[in-house]
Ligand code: GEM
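One chain comes next, on its own, written out as structure tokens in the form predicted alone.
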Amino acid sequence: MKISTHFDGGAIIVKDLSDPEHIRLNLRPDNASEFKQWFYFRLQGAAYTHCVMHFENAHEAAYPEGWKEYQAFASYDRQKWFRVPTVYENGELIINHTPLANSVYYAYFEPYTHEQHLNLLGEAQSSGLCQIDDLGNTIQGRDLNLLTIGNQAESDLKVWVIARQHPGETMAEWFMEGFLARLLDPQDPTARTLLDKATFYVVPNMNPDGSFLGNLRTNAAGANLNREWLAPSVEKSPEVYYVREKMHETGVDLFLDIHGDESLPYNFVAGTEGVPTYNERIAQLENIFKTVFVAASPDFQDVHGYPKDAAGQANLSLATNYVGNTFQCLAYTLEMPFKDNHNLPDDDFGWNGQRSLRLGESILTPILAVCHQLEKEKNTSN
């Protein structure tokens, strides 16, 4: 038997492979920090062999509560991914699986590789509706790209959507694939109406280095990008620095930051209730967004989520809080599960890439509802 990780996003530490029924593994921390939870590896030479894989340091993961009711992903071709029996007991995550071929991959969530990311950019540009700009280099010299979609008229609403600040949250870029596919569909009436009203500024992957390195939460310098928004630097967090600079150039009327949550088995949003500029206007926009989103997708709900910050107590180093407070706009963090959506479970796949993609498609409807309201505000003020 052999386990390897020398590919895009690969991550695991092998301790002992001598007994297929007691394979000993450790989660590997991010390259420059102690965060650990993401894994992605290839097992070879175990066809029709009962394999029991013990992640012995699972209790040291960034979010050990995330292992409760969690099932790992597996694939033979890295195209079709399915869940395999997984339990968490005595501080170990244990996968039980009998591969049906000599080569099989296991991952924390369905991966979204750098090659897929580049293909996504290429497909968006080929639509003829999208302009790609380079904002600057990451720590390791990868491109940080911005997609601009729309007429870029001064009167347009400015909608910003970013994803994957935390690289292990790969569902965020699957979401972006669906979001972009619908937004760039010239036959979609919601997309056409939106592009008559708004210019979209989209960063499908905020953390290309961390994604390639197989990190859970940080960039190549060990920075948690979603804690860098108050004072980013080119040396430590260029990804945030360059995006924030562009935001101040364009302005922001609506901001969405796409993430995944290890523990909560639901899709939900977290807003800006705790920032100094939060007011009744923002609360009204939030209610419009959530009400329409619930109607647009049965996969979205507004019952379960994070506790709301008390007034004035928000951490302004988070993207949503910083942007919402600075631009006095509707700003939301969208969270998707690593597990399954308990409101609409799927025993074979749980929450996965395709369901994330579909949620990305459906979010255009609440965005349009908010844009209608923002237009009314503009007309009233004029």
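In this text, residue numbers run from 1 along the sequence as written. These figures come from a predicted structure and were not determined experimentally.
The following text describes the form predicted together with the ligand, which does not appear among the structures shown.
For the options R182, H259, K246, K236, the one in contact with the ligand in the predicted complex, meaning a heavy atom within 4.5 Å, is H259. Out of the listed residues P85, P189, G122, P307, P307 is the one that sits within 4.5 Å of the ligand in the predicted complex by at least one heavy atom. In the predicted complex, the ligand sits within 4.5 Å of a heavy atom belonging to R217. In the predicted complex, the ligand sits beyond 4.5 Å of every heavy atom of R281. Not displayed here, the ligand is approached by E335 to within 4.5 Å at the level of heavy atoms in the predicted complex. In the predicted complex, the ligand sits within 4.5 Å of a heavy atom of R227. Taking the partner from elsewhere, no residue among E177, V202 and L368 has a non-hydrogen atom within 4.5 angstroms of the ligand in the predicted complex. Partner proximity in the predicted complex, defined as non-hydrogen atoms within 4.5 angstroms of the ligand, places exactly one of 71-79, 281-289, 299-307, 107-115 at the interface: 299-307.
Residue A270 is the only member of 269-286 with a non-hydrogen atom no more than 4.5 angstroms from the ligand in the predicted complex.
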